[in-house]
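One chain comes next, on its own, written out as structure tokens in the form predicted alone.
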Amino acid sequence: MALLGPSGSGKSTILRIIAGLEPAEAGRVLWQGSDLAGQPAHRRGFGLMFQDYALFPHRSVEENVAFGLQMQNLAKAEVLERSRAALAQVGLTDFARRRVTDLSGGEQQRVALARALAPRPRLLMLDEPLGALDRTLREQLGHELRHVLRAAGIPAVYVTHDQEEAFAIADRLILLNDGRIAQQGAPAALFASPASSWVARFMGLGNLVQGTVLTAAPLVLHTPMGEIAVDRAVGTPHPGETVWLLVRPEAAQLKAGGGQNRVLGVVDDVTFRGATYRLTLLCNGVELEVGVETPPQVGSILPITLNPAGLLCLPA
């Protein structure tokens, strides 16, 4: 499960409350129905992995992984067995004797994960574990991390502010805004049906245009671009109500001729995105972002048709 949200939304605070490092001002933390209030952090059996990894620079990779096990006063043979098993889980068996200062950032991340896995925690909590890495390495390690967590069979709570990272790793998302749950569910469900304009805006799901409901059945909105027919809505919009129209980039299609949901846009900017180009169009004062394969000239006027299936009406 990923806790996703902007900085200051309460993600790390919730993690620390679960871990027993901070008291909750209200509410309860339950584990299989049992209240953990008053139970110290070291007795909860939870593992915690921080963004900076907190590795010991004077110890080898294996010694770092073994540290938590030694604090549990386990026999040397068991410490060695668990340490090597954890290193094998993260693909670092051949790195056991190396100093952590000789490792790359990605390798250090794996050592920190092995150290968290070695005590076999009931729950593993990860606080922005990939935040210090570059984008390419984050994507690579994100997929590896998902595989390791699934193979270990340990439930995990993962804190991040990166939507793509959360989508790639999590089975379930809890989206936080100012300490409150804005929406929760499977990543695909949140992507398909954001509960509010804030959710859609934070997750970068498309263009948001304010409008007014003209008719509810069929649903037609009055917007600065004109009258727009919409197939789906969150809640039950009523005529005269102010709403937001979510226009996903794939819903805006370059298409000449008349018909429903046709608008004209002036090309204001063209950005190269690899396989496609992202256009910023001005449609009667409204900005729309559209993906195309062949870039037009800035300043040209393009006919756009908005596919009702790619539109969503959201409450204001």
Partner chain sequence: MSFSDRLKRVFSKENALTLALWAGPLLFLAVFFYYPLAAIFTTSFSELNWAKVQPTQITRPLSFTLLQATLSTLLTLLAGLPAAYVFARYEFKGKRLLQALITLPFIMPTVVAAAGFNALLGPRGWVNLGLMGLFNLENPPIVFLNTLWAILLAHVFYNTTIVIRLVGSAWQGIDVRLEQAAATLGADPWQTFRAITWPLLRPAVLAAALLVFIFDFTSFGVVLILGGPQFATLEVDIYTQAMTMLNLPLAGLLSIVQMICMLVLTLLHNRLGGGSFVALSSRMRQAAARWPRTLRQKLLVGGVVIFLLTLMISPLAALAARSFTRLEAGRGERGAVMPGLTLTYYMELFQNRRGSLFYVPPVQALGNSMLFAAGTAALALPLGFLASYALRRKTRLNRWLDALLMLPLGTSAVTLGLGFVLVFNRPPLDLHTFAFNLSLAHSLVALPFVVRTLLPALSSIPTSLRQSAAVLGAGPLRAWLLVELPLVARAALVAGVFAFTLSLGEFGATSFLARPEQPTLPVAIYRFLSQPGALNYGQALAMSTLLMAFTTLGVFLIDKFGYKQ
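Being a predicted model, the structure only gives us computed values, none of them experimental. Numbering follows the first chain given and starts at 1. C-alpha atoms forming the largest set that superposes within 1.5 Å between two forms make up the rigid core.
Omitted here: the form predicted together with the partner chain. The next part is about that form.
Taken together, Arg82, Gln89 and Ala151 are entirely out of contact with the partner chain in the model of the complex: none brings a heavy atom within 4.5 Å. Contact between Pro57 and the partner chain in the model of the complex is found at the 4.5 Å heavy atom cutoff. In the model of the complex, the partner chain lies within 4.5 Å of some heavy atom of Ala41. Contact annotation for Arg99: at least one heavy atom lies within 4.5 Å of the partner chain in the model of the complex. Taking non-hydrogen atoms only, Gln108 approaches the partner chain to within 4.5 angstroms in the model of the complex. A heavy atom within 4.5 Å of the partner chain in the model of the complex is found for one listed residue only; from Ala188, Ala217, Ala77, Met71, this is Met71.
Only one of the listed residues (Asp269, Glu287, Glu250, Asp52) places a non-hydrogen atom within 4.5 angstroms of the partner chain in the model of the complex, and that residue is Asp52.
With the partner omitted here, the stretch from 287-295, 59-67, 261-269, 31-39 that lies within 4.5 Å of the partner chain by heavy atoms in the model of the complex is 59-67. Taking the partner chain as positioned in the model of the complex, none of the residues of 285-314 brings a heavy atom within 4.5 Å of it. The rigid-core alignment places the CA of Thr280 less than 2 Å apart between the shown form and the other one.
Taking the rigid core as fixed, one finds a CA shift for Gly38 smaller than 2 Å between the shown form and the other one. Put the two forms on the same core and the Cα of His58 is off by 2 Å or more between the shown form and the other one.
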